[in-house]
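In structure tokens, the next block holds one chain alone, the form predicted alone.
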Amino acid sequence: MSIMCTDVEAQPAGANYDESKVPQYVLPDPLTSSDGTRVDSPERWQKRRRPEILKLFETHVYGRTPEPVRRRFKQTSEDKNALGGKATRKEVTVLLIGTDDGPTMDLLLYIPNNAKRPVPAFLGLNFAGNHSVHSDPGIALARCWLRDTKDGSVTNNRATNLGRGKEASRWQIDKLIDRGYALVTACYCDIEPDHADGYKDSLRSIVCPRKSENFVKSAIPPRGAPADAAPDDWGAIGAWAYGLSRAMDYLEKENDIDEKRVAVIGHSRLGKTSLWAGAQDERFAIVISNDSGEGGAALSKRRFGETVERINTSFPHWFCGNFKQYNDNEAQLPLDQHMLIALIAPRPVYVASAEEDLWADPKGEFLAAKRAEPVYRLFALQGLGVSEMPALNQPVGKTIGYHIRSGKHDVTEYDWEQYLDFADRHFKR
């Protein structure tokens, strides 16, 4: 399976792609508390059950996220006539621990000039550097570590001009600007390089969750984490989600962006990241997951496509150490991904799949969204509004949105059209 920063996924052989081979499984009820009591009101959900579920994901899947440390922001460029005058382009460096010699994250912002400000925004991490999201020559080349590419767009782990606009189809910036939305993005490798030793050059080597009093150092250093990591310390997905929240810190200070109307979006591994960021940080007004699969929107207990064992083997740095105990042992998970989606309630959430992306288990993504509906009903909100998985290219849902489109693992213009329509319904009422 490829782990290029461009995230071109394979469809590996040997996985289960047969619905008849999905094992029988039982999903935990998101509305039954750990002591067996029923959650029957929004207040009980928010004060009791939601913290319980969040703790389960911290302990068993993504790890604990530290409290934010001091951070600072430096605007490095501004062009008020970008994209032929349609937009203002800004570049901002986030000093993630507040020091010039510490880790940084470079934000790229495009803000529509012809919309009433402050404007709503989409915020998401990219795979190949900010310069890859549009051919605009004014975007600074990414400074972070990137995987080498055969086409020369990355050489010696550094970006080259050949990468300009390489992933523009995944971002549809001109369409967003025309619809009155800003785009805010940063490269995920700014926060942590995406390989097993990436933590050495990331926040995870500097900012650590507080260890419990009963913590015992493992005799065998965990692969993909510092040697002294606790089994529930955060992995790379947790670090990337932390970066999204620090971007949100900046947007709260940005006068041209309406911080109350920010949708966080991610594709594939970054779709897992957007869900975890949205579950933890309630400032994100809409949460969007595109083809996020295992460890994202898909139900793990189905064992369809990518499995817990496969993802932990291929990407040992993504999740906390505890998640590895569920390799080939999904039945023992005390949670599943419908509960992650439920953590976003009552805020709108959109889950999307692709017909040919069986590795990400489209049906499992739909079922997770469906099983999150009872929590939305607590808030008198409509979910998907359907009982069966919809046909191709037929989006459904109200406060929970879903579609499965034709095609492969990717973010397409069709996907963006659905996300923009969804945002219009919730942001422009």
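Heads up: residue numbers just count along the shown sequence, starting at 1. Keep in mind that this is a model prediction, so the values were computed, not measured.
Same protein, other form: the form predicted together with a small molecule, not shown, and the subject of what follows.
Annotated contacts: 269, 311 and 359 all touch the small molecule in the model of the complex [non-hydrogen atom within 4.5 angstroms]. Only one of 171, 250, 315, 122 comes within 4.5 Å of the small molecule in the model of the complex through a heavy atom, and that residue is 315. Note on the interface: of 197 to 205, 100 to 108, 148 to 156, 303 to 311, the segment with non-hydrogen atoms within 4.5 angstroms of the small molecule in the model of the complex is 303 to 311.
In the model of the complex, at least one heavy atom of residue 409 sits within 4.5 Å of a heavy atom of the small molecule.
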